[in-house]
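Only one chain is shown below, in structure tokens, and it's the form predicted on its own.
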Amino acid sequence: MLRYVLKRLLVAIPTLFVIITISFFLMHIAPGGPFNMEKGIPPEIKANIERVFHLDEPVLSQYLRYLNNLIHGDLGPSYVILNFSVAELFAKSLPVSLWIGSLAMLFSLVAGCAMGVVAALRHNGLIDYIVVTLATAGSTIPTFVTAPLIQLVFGLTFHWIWIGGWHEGALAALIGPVITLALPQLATVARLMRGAMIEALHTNHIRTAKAMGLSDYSIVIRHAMRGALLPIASYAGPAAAGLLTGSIIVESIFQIPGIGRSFIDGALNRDYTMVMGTVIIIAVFTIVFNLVSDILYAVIDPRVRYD
């Protein structure tokens, strides 16, 4: 297993290099720049600012300089929020996204697995149809629709939650964005668990366990659940990477100061270093969680051996 992990980490290095290279040149090829939004700025002052940030150099020179700084752990300064580096801004926004994403992922896995198991045990029954209907609706309705509805119903009508702001992570401020983030993942997890559990309950070893007189709890939890969790483990890796690095739409609607909102602000203001830093963080999380998902797959299924 250790050999497999080291091999995957080594493969991740050229993958990150390609992602960084493509993102960097795409950002710089697009017309405009971080200081073009300033109105009435004299050309000589603009030239001085670009010289300070080395934006007057050829794109290739800027790229090599950025790689050199990145190797030394420097994500560069923000071009829009002056006197702050990208690392300092991420130190404030990333924990917010990680906290919201972790809660959303935990809720979607627990609730989705429970719904999927109940639906499988009541296959072709009323509960099964209700779960399938809710899962289909949850996976098809976009977050920019569910978020305002949650704000309208639970925030403005019943006053149970705050409709915007971070408020130092207060519970009333967390409920809205966490539920909005979790709903699509919960729906997908419920559908995956339902299908996998139905298939697991019809395998030979489960029929043998039933013939031996084992309790329903033992059959479902100790035997069928292990095989049914395999597709969940495969799905959870990429899903966790997306949730833990924040959602652009959800953080914008709920005014959450997370990394997703930082990405939007950076893209609109042509803050090259902020956008590049966000892309790198998302890429790293995706690679790491895909690796964790593969490892969990081997832990759950003893037949899988990466050696």
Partner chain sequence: MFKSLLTSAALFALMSSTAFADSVWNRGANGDVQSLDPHKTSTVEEANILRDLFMGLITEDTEGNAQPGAAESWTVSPDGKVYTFKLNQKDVWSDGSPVTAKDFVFAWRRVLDPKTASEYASMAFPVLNAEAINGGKAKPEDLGVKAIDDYTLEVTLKGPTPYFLEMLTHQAMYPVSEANLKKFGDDFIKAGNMVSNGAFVLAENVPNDHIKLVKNPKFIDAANVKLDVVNYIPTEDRAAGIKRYQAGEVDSMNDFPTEQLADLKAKFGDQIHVTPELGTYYYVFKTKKAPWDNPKLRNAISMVIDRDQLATKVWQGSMLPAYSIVPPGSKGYTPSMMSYADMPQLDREDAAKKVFDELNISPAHPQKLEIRYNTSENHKNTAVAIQEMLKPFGFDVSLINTDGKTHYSYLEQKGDFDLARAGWIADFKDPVTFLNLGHTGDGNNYADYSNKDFDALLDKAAVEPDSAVRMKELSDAEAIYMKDIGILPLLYYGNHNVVSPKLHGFVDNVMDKHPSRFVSKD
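Here the structure is a predicted model, which means the values were calculated and not measured. Positions refer to the first chain, counted from 1.
This protein has a second form, the form predicted together with the partner chain, left out of what is shown; the following refers to that one.
Out of the stretches listed (112-120, 180-188, 79-87, 232-240), which one is close to the partner chain in the predicted bound form, meaning heavy atoms within 4.5 Å?
Of the options, only 79-87 has residues within 4.5 Å of the partner.
Give me the residue from L103, L75, L94, I175 that has a heavy atom within 4.5 Å of the partner chain in the predicted bound form.
If I apply the 4.5 Å criterion carefully, the residue I get is I175.
I'd like to know if L156 sits close to the partner chain in the predicted bound form, meaning any non-hydrogen atom pair within 4.5 angstroms.
Yes - in the predicted bound form, heavy atoms of L156 and the partner chain come within 4.5 Å of each other.
Indicate whether G195 is a 4.5 Å heavy atom neighbour of the partner chain in the predicted bound form.
No, G195 sits far enough from the partner chain in the predicted bound form that none of its heavy atoms falls within 4.5 Å.
Using a 4.5 Å heavy atom cut-off, state whether V59 contacts the partner chain in the predicted bound form.
Looking in the predicted bound form, residue contacts with the partner chain do not include V59, since no heavy atom lies within 4.5 Å.
Counting only non-hydrogen atoms and a 4.5 angstroms cut-off, does L201 reach the partner chain in the predicted bound form?
It does not: once the partner chain is placed as it appears in the predicted bound form, L201 has no heavy atom within 4.5 Å of it.
Taking only heavy atoms into account, state which residues of 113-138 are within 4.5 Å of the partner chain in the predicted bound form, ordered by sequence.
Contacts from 113-138: none.
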